[in-house]
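Single chain ahead, written as structure tokens, the form predicted on its own.
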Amino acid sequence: MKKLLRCVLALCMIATIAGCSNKPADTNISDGVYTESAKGNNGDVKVEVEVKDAKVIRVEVVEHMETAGIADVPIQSIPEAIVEHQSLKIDTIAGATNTSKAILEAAELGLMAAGFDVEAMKNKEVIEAVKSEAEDVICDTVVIGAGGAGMTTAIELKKGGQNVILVEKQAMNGGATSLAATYFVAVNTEYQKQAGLGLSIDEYIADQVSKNPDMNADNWKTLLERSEESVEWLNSLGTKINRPLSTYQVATEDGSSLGVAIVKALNAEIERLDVDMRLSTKAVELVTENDQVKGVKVESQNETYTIYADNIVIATGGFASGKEALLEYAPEWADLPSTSAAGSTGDGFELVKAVDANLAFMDVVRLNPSVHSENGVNSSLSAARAEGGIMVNLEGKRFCNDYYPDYTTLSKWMMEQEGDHVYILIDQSAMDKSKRLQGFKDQGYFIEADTIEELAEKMGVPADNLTATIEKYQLAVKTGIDEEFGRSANLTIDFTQAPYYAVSTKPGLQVTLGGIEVDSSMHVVTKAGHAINNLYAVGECAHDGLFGGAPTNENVTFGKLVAEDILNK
């Protein structure tokens, strides 16, 4: 992200003193420390700007509520760039645009208070370095995409003694895994059995296949039989995924974001092992020779080169945030908001066209029934449902099994209701369990009231209807039988602990469920049905037959499986 200046702005200074600030000669710029705030993705971002001798000598983000991992790069790099270039014409970081803009806006306010001509600083050009050809490199395996699947694969390969290079087009790692909100899909773990939530793996698989006959039961079995091992592997890295929510869900101990915990742990292991991770490096083309895949051509900010490798692993994610890919593969959903990662634009599907790979079920997506939009930011409030929340329409009535496991079906039920949104309701007992929900509360997402009647008034729904809805649901919790809609899972909130909370929600795009066809070892399969021995796809970009039934688990378990296959060659 470092850029070279074509010239340095010469400043003339006038010596004046105002208050406790010193003014250099011939300027209206005052030395001092200026603190300003601007709205970020999750709340205010507070920035300090320090000025001395008419120059910016320090810019620092001193307080924020932005998402860990995703916001780390702009929080470090944008202040550095402002100081280095004495300019506000700094590029935002893809995938963290709102955070980037908030830092720049707050810095601008601080510089304005100091007396700088901020318009001049916003127009001050920073020279782009010219792209050049760099030396090609050779490694054992190149992994494309540093989300959960890519990082897991790279970690296991490095531990196995391989020379592995991990490339990521974004300026930060984590991908869509960073946004995994609530739970890890696993069945019959010790945590669940001890909580009385044990369930046979075969029973769970049979239920999944009965709902979607296109599912691959063998891959489900491989995944679930290794789930506990994957959870414990993550916990050995510090994630604390040990709180059972249901027969198929395990969450973090304190209710904090699952994805943030996983990415933090994986990133620490990447650093500990000194994995060669190259951020802001985009894979643009598979390199083939005599029908064999030999490597991948990449572009970093200022150079292009080829990474030659014995094995290539594609872990580039789906395309829920890629407008062009959505229009090509799933146009029905192209206008919905996305809660997926900004980098989920379908790059991997373009790469494998060079080897005539088969793409399967590309029009199948999963909708997110818990999207809350605030100030142009789309956030997943699935934690409210995971902690036992119920959904009501604008009449104050439940309208479905609000814990139905098929999110797309649930979203379609929501879309049948009057108005453009519905509400998720919880009480204080759920809020106390989830740090993620507490964070959303601090951001002002929730309507809060001490009584159900007051909550109804603030929501704009009939109080009589909402009161009757709560009373019926309280009976369902007490008896364990939801006679209205047949909900049987997570009947935990009895709405006896005030205050009560409501948050507006509507459907959005969560993940895409089709992808590059793979075999049981995650080798890419061609349209002719041949598996390519040294080319793998894993994670959301792969069609592994599970249709996104356990995305975070698939990233970890199948990432480890890919590494095992490569190491066993």
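Residue numbers run from 1 along the displayed sequence. Under this definition, the rigid core comprises the largest set of C-alpha atoms superposing within 1.5 Å between the forms. Because the structure is a prediction, the values reported are computed rather than measured.
One more form of this protein, predicted together with a small molecule, exists but is not displayed; see below.
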| item | value |
| --- | --- |
| Which of 456 to 464, 401 to 409, 339 to 347, 302 to 310 sits within 4.5 Å of the small molecule in the model of the complex, heavy atom basis | 339 to 347 |
| Contact test in the model of the complex: Gly539 vs the small molecule, heavy atoms, 4.5 Å | yes |
| Partner contact for Ser434 in the model of the complex: the small molecule, 4.5 angstroms, heavy atom | no |
| Contact flag, Gln510 vs the small molecule in the model of the complex, heavy atom cut 4.5 Å | yes |
| Exercise: Thr469 in contact with the small molecule in the model of the complex, heavy atom 4.5 Å | no |
| The unique member of Thr99, Ser370, Thr177, Thr141 whose heavy atoms fall within 4.5 Å of the small molecule in the model of the complex | Thr177 |
| Contact residue in the model of the complex, from Ile103, Ala315, Ala384, Ala154 (heavy atom within 4.5 Å of the small molecule) | Ala315 |
| After fitting the core, Leu157 CA displacement of 2 Å or more between the shown form and the other one | no |
| Rigid core superposed: Ala261 CA moves 2 Å or more between the shown form and the other one | no |
| Residue shift check between the shown form and the other one, rigid core fit, Val167 Cα at least 2 Å | no |
